[in-house]
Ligand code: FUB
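Okay, so here's just one chain, in structure tokens, the form predicted on its own.
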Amino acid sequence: MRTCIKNTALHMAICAALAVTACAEAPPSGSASASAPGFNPIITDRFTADPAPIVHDGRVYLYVGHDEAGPEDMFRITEWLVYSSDDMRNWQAHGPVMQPTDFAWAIRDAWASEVQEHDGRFYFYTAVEHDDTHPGKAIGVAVSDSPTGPFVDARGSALVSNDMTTQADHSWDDIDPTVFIDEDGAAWLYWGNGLLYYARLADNMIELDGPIRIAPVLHFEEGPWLHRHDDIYYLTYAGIDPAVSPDEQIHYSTAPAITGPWTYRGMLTGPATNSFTIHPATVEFEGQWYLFYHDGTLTIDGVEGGLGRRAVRVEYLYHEPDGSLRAVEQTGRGISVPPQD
């Protein structure tokens, strides 16, 4: 397991790169009562990963995978959960919204997902393992009339399967879907591992409406997420700059349009403690922007966190006047303190 080692050359280099002056505080650990409102991690009674927030009717709904890996597992994620909050500090659990096998063509793996609201319905895009008819990771889409589900398969088949993307040399490149609806009403799907794919979605939100393309993005590994601010499109993602760490960091690029071209802008925050993966998601709520991610620092009832036992966290996110994003410090205090001016 990786641990935070203070005052090493590597640590100092990362801190300097992020333009921060101190290490993040050690996050609370233990039972559900360990964290005060706003402290990290935000969910402490179970392991959660791959955060995906949306705002609906004055509440933030947060979709996560339920990490259940045992000592011999790398990952074991058997269901997706949803939480909601009206203040970003106190989170209400709504229980599971779906399992991978609710897709009749899928066999396992509740990997990263995102929900997108459209015309009063909620579309759940997610990555699962396809059965032997199209082996490999695939993207499914489910639908519900409520943000808390239950969600049901909207197609009866995968939206994207491994045989549709042949450029990668592995079978898990069709993961981590994210959807963005542009000002003209067009919906775009981005996803990938190693390669960043994108395609336009049809008006019904459950079919592709055009070819699958590849966007060249520096350091991209997985976990893309899209948002728009002041006419600039932002793509945040889990990437690896080996000069920083062999573990994933959060990087970002910007573009004048949802289809690019994407200009690399830098590293937003460094690796997650005790986890190779880190998964970004951004959301604006009541005029303030936030960055969600996960790490492996939480301990629950003596079970230590790690790669397959992660915990979701949140920090403030700031857009600078020049269009850049302010570097994010990973902290234990999270958003328990007021945002900066």
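Sequential numbering from 1, following the sequence displayed. Please read these numbers as outputs of a predicted model, since none were measured by experiment.
The next section is about a form of this same protein that is not shown, the form predicted in complex with the ligand.
The stretch in contact with the ligand in the predicted bound form, judged by heavy atoms within 4.5 Å, is 109 to 117, chosen from 109 to 117, 145 to 153, 196 to 204, 90 to 98. Heavy atoms of residue 277 reach within 4.5 Å of the ligand in the predicted bound form, making it an interface residue.
At a distance threshold of 4.5 angstroms between non-hydrogen atoms, residue 313 is out of contact with the ligand in the predicted bound form. At a distance threshold of 4.5 angstroms between non-hydrogen atoms, residue 82 is out of contact with the ligand in the predicted bound form. Using a 4.5 angstroms limit between non-hydrogen atoms, residue 105 is distant from the ligand in the predicted bound form. Interface residue among 268, 189, 77, 217 relative to the ligand in the predicted bound form, by the heavy atom within 4.5 Å criterion: 77.
With contact defined as any non-hydrogen atom lying within 4.5 angstroms of the ligand in the predicted bound form, the contacting residues in 174 to 188 are 175, 176, given in sequence order.
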